[in-house]
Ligand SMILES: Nc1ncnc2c1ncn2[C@@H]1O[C@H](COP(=O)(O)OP(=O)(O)O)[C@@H](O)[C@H]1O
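We begin with a single chain expressed as structure tokens, specifically the form predicted alone.
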């Protein structure tokens, strides 16, 4: 049965690539060997849906996913996150976030490509809930299989700096540290109260600074408030903020317990 599926995928890929309007050069400015058949077909489907027009170069690369700069049909800049690899470490790490969450407990034993697709859809869902609650996150556009499309944070294919990078390279004045800290706390508050979510992995490595805003990124692992570990994850998120701004940057910040009360209104 699996062989028949693979044959059908091959046949469909060959058919679509043979059509002049869908040749690689029309859609892919950069084609990498990491793209398997499903991913190529997925990108083509997103073009058919008029979600992306052309896929450009790599913006960032991680162990499980890569982010590409893309253009939409109105000329808008887009970020395309493609989950490419499911490592044993990845499978193990996601259990912290899906164990106890009835929406996703069933995904742990899925085949590789299906697990990537569900994880991409989970991130899209979390982004949508956060965006609608007023959290500063990239605006989600569409999702298909293992591919997530959102608005690009940056300019001309150069992504906005991470908080860590902005501090290290002097892009952020020391007088601005406290304001940035409270903007992030405000986003955590909106995430908790408005979206009913906890980020679960918040740190100086997944906050982008751009045009006066503090964009929260990488939200696939975010959990609902009824998740059994939601409070633990919130404490860890806020602890990371206190460590970075308080211990490393010397900003006068509240304690973690005080911030928890600030966020949850307890």
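Numbering follows the first chain given and starts at 1. Treat the numbers as computed from the prediction; the structure is a model and nothing was measured.
Heads up, the form predicted in complex with the named molecule isn't pictured, but that's what we're talking about next.
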{"property": "4.5 angstroms heavy atom contact with the named molecule in the predicted complex for residue 151", "result": "yes"}
{"property": "Partner proximity in the predicted complex: residue 138 to the named molecule, non-hydrogen atom cutoff 4.5 Å", "result": "yes"}
{"property": "Distance check, residue 114 to the named molecule in the predicted complex, heavy atom within 4.5 Å", "result": "no"}
{"property": "The named molecule contact at residue 60 in the predicted complex, heavy atom, 4.5 Å", "result": "yes"}
{"property": "Partner-facing stretch of 171 to 179, 157 to 165, 128 to 136, 189 to 197, counted where any non-hydrogen atom is within 4.5 angstroms of the named molecule in the predicted complex", "result": "157 to 165"}
{"property": "The unique member of 230, 65, 46, 209 whose heavy atoms fall within 4.5 Å of the named molecule in the predicted complex", "result": "65"}
